[in-house]
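Starting off, we have a lone chain in the form predicted alone, written out as structure tokens.
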């Protein structure tokens, strides 16, 4: 076929491709991009005393000079970091076991790992309260054998950590398990044939091939944890509180939508930094 015909056909497909991607792109712009710019404009273009509007960063200045707001941001960052630090080793261990194990036990483990995906957050919250809360199941079991009660994590910063880790195990395990699918059995067997032990196989064969999957998993979990509402609201302390409950209370209880939107914009700025890892990882995979 002449090169001119190939070029002509390729050009003919361009309008069709653009028409196919136009609806989802328009939907993303309408439901995500436009609200983002609208929220930023609303927090910067504030009413002035004369009844008009003026450019001002007063709401952002207040946030970064208010100790209560900064404490809420700090506890959100702390909770996110601690949850990510627990999730990665836990889920990576489960994913490695599921990748290389066979038999019924592996199927049961996989079922237990995916089970939290089908449990609503509100049900999980009250289940944890009944188990780990004051006079919960753990306290009753300890009392029955004459042991003292536990220091309950309920209404402490560790309450949301426990709930968020348990709630994010399924998606993290699935992402890591998908990455481990790219690790061939032949490469592992070849490494073992030349004397590599399990630690060497993990560090030099498995880990380099799942680095992108780890970045994607961390990005997804961090974005979900940073913006979480139900679990921090039910299990966490009243003060300091994570940004999700903080925004909701500012909007509903204080009736201050501008300040709540400012908190949302600041939260978005932190989340987009983690989202860049996901975008870069996807772009790198497509390029490869």
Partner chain sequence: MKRRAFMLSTGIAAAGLALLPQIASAEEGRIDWYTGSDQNVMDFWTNIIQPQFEAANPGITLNLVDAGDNAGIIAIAERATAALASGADPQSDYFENHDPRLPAGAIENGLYVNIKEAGLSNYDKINPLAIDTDYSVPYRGSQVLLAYDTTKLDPADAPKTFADLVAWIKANPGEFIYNRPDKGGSGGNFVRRAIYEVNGNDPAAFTVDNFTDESSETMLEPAWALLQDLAPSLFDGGSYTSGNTQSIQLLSQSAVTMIPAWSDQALQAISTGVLPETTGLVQLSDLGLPGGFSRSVILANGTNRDAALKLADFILTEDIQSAVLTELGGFPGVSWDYVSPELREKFADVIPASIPVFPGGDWEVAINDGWYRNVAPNVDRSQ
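Numbering follows the first chain given and starts at 1. If you're wondering where the values come from, they're calculated on a predicted model, not measured in any experiment.
Unshown form predicted in complex with its partner chain; subsequent notes refer to it.
The partner is absent here; in the predicted bound form, the one residue of 126, 115, 202, 97 having a heavy atom within 4.5 Å of its partner chain is 126.
Contact with its partner chain in the predicted bound form, judged by any heavy atom within 4.5 Å, is made by just one of 255, 38, 61, 54: 255. None of the heavy atoms of residue 45 is located within 4.5 Å of its partner chain in the predicted bound form. The closest heavy atom approach of residue 86 to its partner chain in the predicted bound form falls outside 4.5 Å.
Among heavy atoms of residue 154, some come within 4.5 Å of its partner chain in the predicted bound form. Although the partner is absent from this view, residue 34 stays clear of its partner chain in the predicted bound form, with no non-hydrogen atom inside 4.5 angstroms. Note on the interface: of 104-112, 126-134, 213-221, 173-181, the segment with non-hydrogen atoms within 4.5 angstroms of its partner chain in the predicted bound form is 126-134. With contact defined as any non-hydrogen atom lying within 4.5 angstroms of its partner chain in the predicted bound form, the contacting residues in 54-79 are 62, 66, 68, 69, given in sequence order.
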